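Just one chain follows, in the form predicted on its own, and it is written as structure tokens.
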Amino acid sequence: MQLAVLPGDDIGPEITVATLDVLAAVKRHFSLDIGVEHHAIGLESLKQSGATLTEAVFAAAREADGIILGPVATAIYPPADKGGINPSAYFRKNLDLYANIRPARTFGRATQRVSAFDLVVVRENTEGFYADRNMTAGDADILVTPDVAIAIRKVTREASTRIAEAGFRLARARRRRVTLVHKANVLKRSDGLFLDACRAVAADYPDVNVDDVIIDAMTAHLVRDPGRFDVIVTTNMFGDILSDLAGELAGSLGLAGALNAGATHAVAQATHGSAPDIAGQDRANPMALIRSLGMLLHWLGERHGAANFIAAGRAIEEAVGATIAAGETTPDLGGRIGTKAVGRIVAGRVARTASAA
């Protein structure tokens, strides 16, 4: 198999190096046949070729079996017609990465801010209020006059059905509970459609318990009692907000890994941004991208029936947990260890996990 590695901006290259140390360890100890191709994106690519994402790099990523994408500094990119393409959004749209899977779990009292929990936000990734994902031409964030702006939200039965199916499949492999998050009491047509589609899917999973919670109440429940939730299925913007909240409650967005997955492609991508304020200081937490790598390997293992890839993904998660338990962490988690060293430590623990298996 072949992975396309796109380091991104600011702390992106640093956490990518640490993640590749972990990849090297699982390749060696789990006999993974994986090649790696590096490609420039973001500000480096803009400087080299006039675009933050070139057609050649996109084509190479599309042909790869999986993609590792570092954080990108989209806030300072030029307009798209000047070469400032958002790589993350471009991949999600053009590879139809409809499921944004964002796990959040506590790793012991050293990091958690609330009671212990282990949940996954399954976020619809292709429509909603995001301006670049729901129009054939132009976008859906419209300035009608200098003083009037309108945002158009798109919700379809097809997209709602397939994200629900992703969530229910995942729940069946976990604690068999799905919570649907919506605002159908006010957005009666759009969130009403989402809720109706999800409930239709639920009928095919009688072994999975299902409930639904209104989004504003959900934020309170998530803070008060996050342990009651297993798999949360929701629309694009609600999922974006809830997953950041859950990640911070678990200890740090530096732990918040994610997978953007579709039927044929998947991208390992940390939830957090490019953190220019700490770039180049060896302080960035690489755990989120490392955990995202583990998710990607698990996805590849399921897709290709490769048990060693699934085992490698689990070993990465175990190694991350053991590293946090030992206090061998970056400053955001109260530790004093640098980015590079954390990558090496997790890689070492992966090796010990493989030896003990």
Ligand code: ATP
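Quick caveat, the model's predicted, so the values are computed rather than measured. Sequential numbering from 1, following the sequence displayed.
What comes next is about the form predicted in complex with the named molecule, which is not displayed.
- The chain is drawn here without the named molecule; in the predicted bound form, the stretch among 92-100, 180-188, 118-126, 267-275 whose residues come within 4.5 Å of it by any heavy atom is 267-275.
- No residue of the trio I68, G257 and L293 has any heavy atom within 4.5 Å of the named molecule in the predicted bound form.
- Checking S160, S243, N285, N236 for any heavy atom within 4.5 Å of the named molecule in the predicted bound form turns up a single hit: N285.
- Distance criterion of 4.5 Å from any heavy atom to the named molecule in the predicted bound form singles out L253 from the list L253, A140, A197, V213.
- By the criterion of a heavy atom within 4.5 Å, I11 is counted among the residues contacting the named molecule in the predicted bound form.
- For the chain shown alone, D332 is a contact residue for the named molecule in the predicted bound form, at least one non-hydrogen atom being within 4.5 angstroms.
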